[in-house]
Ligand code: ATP
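One chain comes next, on its own, written out as structure tokens in the form predicted on its own.
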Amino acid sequence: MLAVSGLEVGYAGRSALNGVDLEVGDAETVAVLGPNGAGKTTLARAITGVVRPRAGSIIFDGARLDQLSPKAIVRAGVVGVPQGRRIFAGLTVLDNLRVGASTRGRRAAADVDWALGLFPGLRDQAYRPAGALPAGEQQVLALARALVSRPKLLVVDEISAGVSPALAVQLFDVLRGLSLAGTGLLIIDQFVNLALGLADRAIVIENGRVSLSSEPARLASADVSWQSTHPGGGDASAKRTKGAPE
């Protein structure tokens, strides 16, 4: 479904990615791991169109993405949940979701209602300014806003950052449900037990390059200095969540 080949990205003369190759198959979940500053977030930003690569290609469902705008990439079916949430703080929760559903046409209202059903806490605060939500609920909103566009591939960057252990596990339960319903996932997370508990395959990025591609179970048992174990425990699956309707 996604094929990244020879991807190079730089900032102000400094290389962030140096020839990264990556594939995500249909309905596959791939975890991207590595130390801070390795280039993981840059990879997510390049795939979702936030930054332009200086070399290489990003192909999704047979079409080039690397020269498209972020909006066109969303329309193609690739949507990101960025690090740091990036919600529209001055808009209500409901309006944030409506923005996320803007590519859905006549289905937008139904998709917003579906997302609110996944996260009842958001429905209860639908008319509250998003910036007034606690940090954890803002992260929930960022995920819900991405989901209302009904992505074929969801690129998730550090979704467990700044939330409670219990909420992090709940968010990964939702991701598991999406995977079971056929959505491809590219997950970047510093808490490797959560990411590997969901992944079909995992890669490690170090110094802007892919240093390892492995089965999740082998990486879970590896002893590397940058690994962090989420206090939610070793099992990210907990329970399976119903996926999105067609």
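Nothing here was measured: the structure is a model prediction, and the numbers come from that model. Note that residue numbering begins at 1 and tracks the sequence as displayed.
Quick note: we don't show the form predicted in complex with the ligand, though the next part is all about it.
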| item | value |
| --- | --- |
| 4.5 Å heavy atom contact, V20 and the ligand in the model of the complex | no |
| Proximity of S179 to the ligand in the model of the complex, heavy atoms at 4.5 Å | no |
| Residue contact check: G184 to the ligand in the model of the complex, 4.5 Å heavy atom | no |
| The ligand contact in the model of the complex: P70, any heavy atom under 4.5 Å | no |
| Contact segment among 36 to 44, 22 to 30, 210 to 218, 196 to 204, judged by heavy atoms lying within 4.5 Å of the ligand in the model of the complex | 36 to 44 |
| Residue (of S149, Q138, Q170, Q83) lying close to the ligand in the model of the complex, criterion heavy atoms within 4.5 Å | Q83 |
| Residues of stretch 97 to 119 in contact with the ligand in the model of the complex (4.5 Å, non-hydrogen atom) | none |
